[in-house]
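Here's a solo chain for you in structure tokens, the form predicted alone.
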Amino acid sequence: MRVDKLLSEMGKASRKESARLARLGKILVNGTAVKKCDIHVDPEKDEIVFCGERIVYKRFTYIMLNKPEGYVSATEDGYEKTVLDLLPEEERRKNLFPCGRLDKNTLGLMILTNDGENAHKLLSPKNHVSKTYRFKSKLPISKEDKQRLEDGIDIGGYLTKPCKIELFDGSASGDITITEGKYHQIKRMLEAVDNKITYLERIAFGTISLDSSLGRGEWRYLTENEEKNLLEGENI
């Protein structure tokens, strides 16, 4: 792999920036300053130091984000703030994108990655990766409506797949776990039983649960175990 490509993938510098910094002696390979960035290195064996920082190469990045209200799940938008605006510039350089979507006013767990192949698998309907949401509804949900929702309900020409609902005291709030992600699905499901969602927060995606230590708008990298469990868990 070329040095400039490695630094670009790691979000450290563009290829043009790498070339400029190499001429200034800011890039070391195995202790020796390189003046050109077209040399090839082995990320697993060679030691690369960029502006005094040792670079540990990682092909793909997985980030857990606690999405706040008012941000859209997109890489760019001409009018709205996107979830990528919550990340520092170094991370935005890595070509990250949301793995799945949350509505602008839906809160909670988002996975951001640049691993297109595995993101596709995680989102593929045939793999039935579960997503759990905490919700509040305008009206209490009756036992009958709970059963209708869990069995699958028509949301306008589409019959939803079976889901699981855990109701809390008062029955106007709870957790709902689905294995698909149709447009505004949970809101449409509640509307189908003459009710309305008033609060919605994703708290789990597959094997990953939202880190309670993350405030709204905060993020962290997935741990190695979290990545492994996410990609190997459930039906992936």
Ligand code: URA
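Residue numbers run from 1 along the displayed sequence. Small disclaimer: the values here were computed from a predicted structure and weren't measured.
We do not show the form predicted in complex with ligand URA, though everything after this point is about it.
Enquirer: Could you spot which one of Asp115, Asp103, Asp145, Glu91 gets a heavy atom to within 4.5 Å of ligand URA in the predicted complex?
Expert: Spelling it out, the residue with a heavy atom inside the cut-off is Asp103.
Enquirer: Using a 4.5 Å heavy atom cut-off, which residue among Asn195, Thr179, Gln185, Ser173 comes into contact with ligand URA in the predicted complex?
Expert: Partner contact (heavy atom, 4.5 Å) among the options: Gln185.
Enquirer: May I ask you to state whether Tyr133 is within 4.5 Å of ligand URA in the predicted complex, using heavy atom distances?
Expert: Yes, Tyr133 lies within 4.5 Å of ligand URA in the predicted complex.
Enquirer: Does Leu200 reach ligand URA in the predicted complex if we count a contact as any heavy atom within 4.5 Å?
Expert: Leu200: contacts ligand URA in the predicted complex.
Enquirer: Only one of these stretches, 34-42, 52-60, 165-173, 185-193, has heavy atoms within 4.5 Å of ligand URA in the predicted complex; which one is it?
Expert: Result for this chain: 185-193.
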